[in-house]
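First comes one chain, alone, set out as structure tokens in the form predicted on its own.
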Amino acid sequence: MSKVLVISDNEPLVGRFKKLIKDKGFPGHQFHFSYSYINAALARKYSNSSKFTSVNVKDECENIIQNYDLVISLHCKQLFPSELVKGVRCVNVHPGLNPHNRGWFPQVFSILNGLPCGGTIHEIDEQLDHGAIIAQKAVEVESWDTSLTAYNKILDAEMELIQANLLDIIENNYLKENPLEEGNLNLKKDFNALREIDLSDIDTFQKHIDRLRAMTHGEYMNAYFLDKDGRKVFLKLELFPEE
């Protein structure tokens, strides 16, 4: 029996993953689900649950290595320490088309820089979103897509990849290949630098629209400008393609 630890900070994605397991059945394999110890919202909701538990991959590294055959990062907010990726096979389901826009919020930067967008399943090494690629699927970012609508497309692509490859990944029966280039990496600070809109900034209308739609993600308050009193004024963009 293989013991698989799935670590995720995306509760809806966990639900889709669990449904896949239930529908397809994976006899002989045991799954345990955890969320990051830094995720306060999930901690409040699942503090008494034994089916979805908190984990600190750095502090619990040795325990994970001893008790699991495979660790799957499913939009996990923690960086895996080198001891963990060396001690047990670790696989990442990443909402970006590696090696393009590795790191934070790949769809945001794909809207801005035009690099390909999609989902990737890859082995985890000691660098961020960097390991050998197992499978990936591109998605098209349309002129009316926001960060949220592009992200939802990626989630669907990721589930297709998971459904097609999960059994082979669990059983370590897959081909992999290293990216042909290093690609580019975006960090949290790069995203944060995009949030404040300079009202004196001069650029094309296209660039302004792309900046706002890249910052538009459902209920999240991302883009803002400062008014004359220094108050933050948040803004989002709605786009409607012609039917």
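Numbers for residues come from their place in the sequence shown, where the first is 1. On a predicted model such as this, the values are computed, not experimentally measured, just so you know.
Just so you know, the form predicted in complex with a small molecule exists too; it's not on screen, but the next bit is about it.
- Taken together, the three residues F31, Q136 and E160 lack any non-hydrogen atom within 4.5 angstroms of the small molecule in the model of the complex.
- Under a 4.5 angstroms non-hydrogen atom cutoff, the small molecule in the model of the complex has C76 among its neighbouring residues.
- Using a 4.5 angstroms limit between non-hydrogen atoms, R211 is distant from the small molecule in the model of the complex.
- For D145, no non-hydrogen atom is located within 4.5 Å of the small molecule in the model of the complex, even though that partner is not displayed.
- In the model of the complex, the small molecule stays beyond 4.5 Å of every heavy atom belonging to T120.
- Between 164 to 172, 136 to 144, 81 to 89, 94 to 102, the stretch whose residues reach within 4.5 angstroms of the small molecule in the model of the complex through a non-hydrogen atom is 94 to 102.
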